[in-house]
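Structure 1 and structure 2 below are two forms of the same protein chain, each written out on its own as structure tokens.
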Structure 1
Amino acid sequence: MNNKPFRHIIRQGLTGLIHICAHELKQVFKDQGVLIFFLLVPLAYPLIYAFIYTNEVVRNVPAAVVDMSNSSQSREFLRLVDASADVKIQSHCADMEEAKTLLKESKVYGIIYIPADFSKNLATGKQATISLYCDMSGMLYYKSLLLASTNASLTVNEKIQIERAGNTTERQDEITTAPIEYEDISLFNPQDGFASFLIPAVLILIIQQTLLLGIGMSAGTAREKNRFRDLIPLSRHYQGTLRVVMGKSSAYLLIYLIVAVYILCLVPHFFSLVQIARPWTLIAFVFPYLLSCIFFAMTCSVFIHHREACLMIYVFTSVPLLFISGISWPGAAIPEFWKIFSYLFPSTFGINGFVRINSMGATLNEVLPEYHALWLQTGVYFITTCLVYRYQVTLSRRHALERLHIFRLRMLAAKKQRKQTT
């Protein structure tokens, strides 16, 4: 006897949850704007980013040369630079003004300046200097020019050391030029590729940002369609806060489980990016990340009152979030305030954990701080979502009661007026 009301409440709650989930899915596929952020952007953006950086490294960066020495040593140095895969000497200029003009017109991305006393200093045993000017609008241009020039200078230095050493055997020459042998290996990114370094972080960030934009736009649409600008409609299915939160989040989770498989598994496979993650480790890590992003987006969506507002609020945050995550900019160099501020966003822990799992083969035990942080964010943002949605449900009821009260007053006034006329 006592279990019947309890079973009825559970059945009613599940019915409402399923109704809200189905209604939210229906609204997503009916709204073109939300559909763009939930499907088109996650499908297209990873392909665009990966396709742009598919070559991994920049080759044959055009450079200008101002050789004021015009000696055999300077020409040998320039031949070594031009022979590298990174730089292509495109123009030999008479002076720096001509080279600067080419740099301003983006015909070259760097200038190699060899002073007139270059050969003389080498002959007299003095230190010679070569100046390198780079277009810093692209860091990869600077990297290519610097590496090519550095390798060329090291090669020239070795030849000069051998000539001045006066050794009698090749083995002595080897010891003179390289007393300590070293081998330079880039761990987890042996080709020094930009795509292998940055794309995994961008893929994780796309999930968070598209959820913020899609859920925000959906919330703005719901308010615009409501007479009182309420987020929650007045319906018997929307009476419980928990069923509203769970119903909406279930709809978003169903969509993004598929989206996450495409973004995090298929896109890296298409472009042959580094993928050494263990499947179950990746699944266990991505699941709390999706939940934390969904509840974070749902909490933030209550501040969106118009469809277009989420574009102005969230789009510009993508680049700063990528920087403060500690991937594109060293985490040790980030000020303490911004490091703590970054902990508010699931992308910070998601990016660091995913990069270690996917690109470095880390196990779940090796990313436990990020994993626990994501579950903590899931719990915190679930509570904040319930609180703000509880307020929205209460607000919706209050507006309904006010509307009912006004209707009753109008009915009484109309009834009183009819009595007076009779």
Structure 2
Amino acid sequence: MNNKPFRHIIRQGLTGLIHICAHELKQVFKDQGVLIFFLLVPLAYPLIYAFIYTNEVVRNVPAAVVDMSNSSQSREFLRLVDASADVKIQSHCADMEEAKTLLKESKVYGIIYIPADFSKNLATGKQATISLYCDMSGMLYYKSLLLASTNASLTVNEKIQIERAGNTTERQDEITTAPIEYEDISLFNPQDGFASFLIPAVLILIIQQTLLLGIGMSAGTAREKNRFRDLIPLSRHYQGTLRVVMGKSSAYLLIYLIVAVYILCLVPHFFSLVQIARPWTLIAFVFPYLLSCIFFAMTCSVFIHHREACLMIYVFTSVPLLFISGISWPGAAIPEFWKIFSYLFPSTFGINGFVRINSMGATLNEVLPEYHALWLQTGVYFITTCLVYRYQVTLSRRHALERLHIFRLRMLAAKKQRKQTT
């Protein structure tokens, strides 16, 4: 065996590799279940998600008003609140009880209460308070209500200040009301939208999860079809671990190169999300991400013993993985333990890097830690895949030998019997 020339081994390996790759591709396209994960889910899921969040922001949160003051100032304040994009004044209530009933019926999500002494306080030069009660079933309601009423109060304040200051010029008015001006600038997500914030992370996660599911399912199927419930069939082409791993992974890579183009380039384009990635940076980053996901999924696939098991095990992990990535829950607030735990998954680095490249226009230089981590994961998971596949190859060989041994014993026994009878 060892005397074979090196070139021969290489050539044999390559033929095996191509055979395995082609065989795996054929298997994927023949198996409807795997095809759902590799094509249908990546095609449809991003569209569903983007459709859910397509409005980006909450507009016109309904609010109730209890205006006990009923003065021109209070009405002006309410007009300003109503005029804002965030809040819509749904009903004017006579008292708090009425407003509370509306809150209970979920007809409104907040109450603005203006006390009876509001205009009196303003007239006498005292501070006047307006109370805002927010339903906390959604943080976005609270945010909208708070923002609209704060903005309205600032406008009202400005007017009052100008009246009281008794300045002569308009410029003086401006300076009295705001000695220092300020401006807030939303970077990278100009409309502060929900879709632009969550969708990029979801897109990257979909790649990892569908790979886990698809590779898991095809591994489960391979085991179920195999006579000894082994992952690797016993055939001439499946002799070397390296060629099995490389062959299978290149098949998945071929499919996912196309899927990735659709998910990462076309979907954000369809829904006009922020997309300021430099093409080469994106390609350079996504390549190791795909590889690390494929090897990660192949390593994990040894735990899948049945076709359907992959769904049972992997599906629920999507939600924790999205939270741990540091997008929906700020990375700075993630406890150390979970942060280290998150380094196990390619999605953590993939999401962080992709968001920065795609939404924030980062170059490879800025995502270097993530980029290196992905290559490191690719390496580590490649080795683990080889190890578990090596184990599987020897396992299937052993099973075959055992079978052969039993077969031989049976033959011997049969021969003996025949001899005895004759």
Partner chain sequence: MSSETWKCLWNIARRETYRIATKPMYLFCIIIAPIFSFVFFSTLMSKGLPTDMPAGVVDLDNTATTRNIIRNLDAFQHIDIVTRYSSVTEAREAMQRGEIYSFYYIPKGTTEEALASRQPKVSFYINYSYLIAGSLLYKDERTMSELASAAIGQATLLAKGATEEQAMAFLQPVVIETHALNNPWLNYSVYLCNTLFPGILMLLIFLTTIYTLGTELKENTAKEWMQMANNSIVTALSGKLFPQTIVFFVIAVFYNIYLYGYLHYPCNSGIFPMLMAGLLLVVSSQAFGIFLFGLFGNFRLALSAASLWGVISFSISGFTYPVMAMHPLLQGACVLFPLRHYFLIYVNQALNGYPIIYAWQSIVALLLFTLLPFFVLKKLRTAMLHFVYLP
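From a predicted model like this one, the values you see are computed outputs, not experimental measurements. Just so we're on the same page, rigid core means the largest C-alpha set that superposes within 1.5 Å between forms. Counting starts at 1 with the first residue of structure 1 and goes up one by one along its sequence.
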I want to make sure I have the labels right. Is the form predicted together with its partner chain structure 1, or is it structure 2? 2
Is residue 40 one of the residues whose C-alpha moves 2 Å or more between the two structures after the core fit? no
Please state whether residue 155 has a C-alpha shift of 2 Å or more between the two structures, with the rigid core used for the fit. yes
Smaller rigid part versus larger: rotation angle between the two structures, in whole degrees? 12
Once you lay the two forms on top of each other by their rigid core, how far has the C-alpha of residue 87 moved between the two structures, in Å? 2.7
Residue 118 CA shift between the two structures in angstrom, with the core used for superposition: 6.5
